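A single chain, nothing else alongside it, follows as structure tokens in the form predicted alone.
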Amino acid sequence: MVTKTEETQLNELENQVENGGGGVWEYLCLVRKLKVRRSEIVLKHGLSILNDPGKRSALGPDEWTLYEQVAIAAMDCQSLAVAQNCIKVLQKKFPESKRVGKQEALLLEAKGMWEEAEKAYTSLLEDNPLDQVIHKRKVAMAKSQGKPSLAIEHLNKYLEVFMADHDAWRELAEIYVSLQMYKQAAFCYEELILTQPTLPLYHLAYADVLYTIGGLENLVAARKYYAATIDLTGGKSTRALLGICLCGSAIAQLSKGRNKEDKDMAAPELQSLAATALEKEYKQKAPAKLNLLTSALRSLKIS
């Protein structure tokens, strides 16, 4: 993750480069170091170096790193001819390189040659089955083709090996949610909460899924995770506060006609506290929408 200091440094250097103040190579190095995508600027200034024989030769071995960087930026910008030229140079210099092989596969993918790209990635995985980048490219390619089921298949295979990859679990959960496979999504968020219990984002997402599934047991659990989100954010999660109100209202509806113990599950005191916190926040940050919030809370029989 890029820190604020690093982002400030990058933006200052970018402004300097764009205004002709020099520092192009330093900027390109910083972009690589921080692993950020500033593709249009990298393509523009990277090509200016590669097209100048003097500047290019002055780079020494870093010349090939720049060819790779420009190739990726060109693919991002759909300048596929430029990307192909850069990859050809790398192929000539490193004819048996698997790293260059990845660039070739990426170019096939960028051209929409899905079948050929799939074969290239499969071949690369045969040589190195533990290459995480290639596995993730296969997932991305499946999503690009509008094949979420295939993306799920690739992610599940990937997570059998790299089960500690939080980003992959989150990606899988989001795909499940998009397909309304909420129970499977809930499992993914449970895995994330187990490994990163202090991250409020996962508690909130899990609560949303449980609320969507519905049923008294799931609604009570959802409220607990909304409450955990509020606790972890110091009471600053508007979505979680609203979730508390919604869960309480739904629990009250489902508890009608049941015994007193079930009715007490609605916890009206907790709802009232959440509603008060919401109204206070809206008064401070969005007073024009306070009436809308009050009306919504009234419909939930809270305010």
Partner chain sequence: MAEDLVLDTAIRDWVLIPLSVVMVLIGILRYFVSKLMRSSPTPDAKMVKEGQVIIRARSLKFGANFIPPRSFRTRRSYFSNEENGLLHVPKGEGSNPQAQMFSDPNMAMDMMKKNLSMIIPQTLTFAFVNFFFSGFVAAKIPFPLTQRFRSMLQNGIDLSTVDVSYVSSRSWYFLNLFGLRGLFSLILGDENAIDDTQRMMQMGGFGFDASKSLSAEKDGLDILQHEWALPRFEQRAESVLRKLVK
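Model, not experiment: these values are computed from the prediction. Positions refer to the first chain, counted from 1.
Below, we refer to the form predicted together with the partner chain, which is not included among the displayed structures.
Student: Among 100-108, 113-121, 138-146, 153-161, mark the stretch whose residues have heavy atoms within 4.5 Å of the partner chain in the predicted bound form.
Tutor: Residues of 153-161 come within 4.5 Å of the partner.
Student: Establish, in the predicted bound form, whether 14, 22 and 54 all lie within 4.5 Å of the partner chain, using non-hydrogen atoms for the distance.
Tutor: Contact check failed for every one of 14, 22 and 54.
Student: Please determine whether residue 273 contacts the partner chain in the predicted bound form, using a 4.5 Å cut-off between heavy atoms.
Tutor: Looking in the predicted bound form, residue contacts with the partner chain include residue 273, since a heavy atom lies within 4.5 Å.
Student: Contact with the partner chain in the predicted bound form for residue 230, defined as at least one heavy atom pair within 4.5 Å: yes or no?
Tutor: Yes, residue 230 sits close enough to the partner chain in the predicted bound form that at least one of its heavy atoms falls within 4.5 Å.
Student: State yes or no: in the predicted bound form, is some non-hydrogen atom of residue 190 no more than 4.5 angstroms from a non-hydrogen atom of the partner chain?
Tutor: Answer yes; at least one heavy atom of residue 190 falls within 4.5 Å of the partner chain in the predicted bound form.
Student: Since only the chain is shown here, I'm wondering whether residue 93 would be in contact with the partner chain in the predicted bound form (any heavy atom pair within 4.5 Å).
Tutor: No, no contact at 4.5 Å.
Student: If you look in the predicted bound form, which residues in 180-210 sit within 4.5 Å of the partner chain (heavy atoms)?
Tutor: Residues within 4.5 Å: 187, 190, 191, 193, 194, 195, 197, 203, 206.
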